[in-house]
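Shown next as structure tokens: one chain only, the form predicted alone.
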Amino acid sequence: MSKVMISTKQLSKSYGKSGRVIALDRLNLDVYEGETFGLLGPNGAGKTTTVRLLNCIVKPTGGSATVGGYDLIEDSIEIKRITGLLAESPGLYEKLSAREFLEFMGALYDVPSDMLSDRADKLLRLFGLHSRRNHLLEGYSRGMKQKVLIAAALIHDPPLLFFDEPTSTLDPSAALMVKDMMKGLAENAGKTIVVCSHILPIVEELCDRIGIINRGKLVAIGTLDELLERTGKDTLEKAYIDITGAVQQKELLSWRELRSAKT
């Protein structure tokens, strides 16, 4: 059996003084070494919260988790060393060149100085940016900036990568480029990848297993075939609508019953 790279037990996150705003509700999830796992759901479903928790950017309000065998609370520094993150709204220092930015990011991850320059050059060549390595990032196109950000997530060669809405702001050609890169990382470099998106074709094309999250809850998980069999549908889109729609209908009925009881 493959090694478990991510394991969560009742992992939860809420906000507000009374904790009434629940962003993630008792998530139980295992992600295995070498797989590409897709977390699918509408905007505001809890996908980004999950990513932020598993990258130790925010702390949970309940439950527990391990990432790469490290405890989410006790070993946050070690977790950050073994993960790479492409955030949905990443920060980019546009007054730096691409090479300077990668070297800066590598230094943050304590990549040895005698390795850093060579690694940055190799990544820039890999992504077709070496000829513009000394150009300021402010002059890069959106797709080129996304390449640099992916390179920054790889600069310390982490075994586990998180991509949060990796193509949501890109044009079709740039989105295709990013998808091909992610596929290559999984197939040729053996990385474990978590992809969060509300764009169904990306998840369908790239992911070995898919989890559907809605209103902070993981409501379904399985391979594409398993999700189709569960719902009796012939496409992921129809299965997704069936699963998330059923959850919303159940919540609406519960709200109506509660309101009727009060009146």
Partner chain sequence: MRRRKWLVLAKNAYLIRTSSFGSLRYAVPFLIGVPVMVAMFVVVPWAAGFFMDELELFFLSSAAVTFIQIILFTMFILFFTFPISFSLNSGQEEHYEILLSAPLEPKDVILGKFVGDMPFYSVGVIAASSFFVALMIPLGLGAVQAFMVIGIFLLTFFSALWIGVVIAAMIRSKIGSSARGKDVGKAISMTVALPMVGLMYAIMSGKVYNALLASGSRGPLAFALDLLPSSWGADVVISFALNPGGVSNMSLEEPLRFAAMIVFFVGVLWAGTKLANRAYSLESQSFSSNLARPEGQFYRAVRAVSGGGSFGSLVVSVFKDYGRRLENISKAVYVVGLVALVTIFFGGTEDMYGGLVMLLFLLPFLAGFIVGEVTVRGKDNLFIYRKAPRGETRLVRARIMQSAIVIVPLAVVSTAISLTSVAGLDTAYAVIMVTYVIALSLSLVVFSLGLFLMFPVFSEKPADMMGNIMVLSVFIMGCFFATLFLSLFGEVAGWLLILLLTSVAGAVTLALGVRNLITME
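Numbering follows the first chain given and starts at 1. All figures in this text were calculated on a predicted structure; none of them were measured in a lab.
The same protein has a further form, the form predicted in complex with its partner chain, not shown here; the description that follows concerns it.
Student: Quick one: is Arg52 in contact with its partner chain in the model of the complex, heavy atoms, 4.5 Å cut-off?
Tutor: Because a heavy atom of Arg52 falls inside 4.5 Å of its partner chain in the model of the complex, the answer is yes.
Student: Would Leu108 count as touching its partner chain in the model of the complex under a 4.5 Å heavy atom rule?
Tutor: Residue-level check for Leu108: yes, a contact with its partner chain.
Student: Is there a heavy atom of Pro90 no more than 4.5 Å from a heavy atom of its partner chain in the model of the complex?
Tutor: Taking the distances in the model of the complex, the answer for Pro90 is yes, it comes within 4.5 Å of its partner chain.
Student: Contact with its partner chain in the model of the complex for Lys95, defined as at least one heavy atom pair within 4.5 Å: yes or no?
Tutor: Lys95: yes, in contact with its partner chain in the model of the complex.
Student: When you measure heavy atoms, are Arg125, Ser197 and Glu205 every one within 4.5 angstroms of its partner chain in the model of the complex?
Tutor: Verified in the model of the complex; spot residues all out of contact, no.
Student: Thinking of its partner chain in the model of the complex, which stretch from 164 to 172, 99 to 107, 179 to 187, 117 to 125 has heavy atoms inside 4.5 Å of it?
Tutor: It is 99 to 107 that comes within 4.5 Å of the partner.
Student: Within 4.5 Å, heavy atoms only, which of Leu85, Leu72, Ile155, Ile193 is in contact with its partner chain in the model of the complex?
Tutor: It is Leu85 that has a heavy atom within 4.5 Å of the partner.
Student: For the stretch 118 to 143, I need every residue with any heavy atom inside 4.5 Å of its partner chain in the model of the complex, listed N to C.
Tutor: If the 4.5 Å heavy-atom criterion is applied to its partner chain in the model of the complex, 118 to 143 yields Arg132, Asn134, His135, Leu136, Glu138, Gly139.
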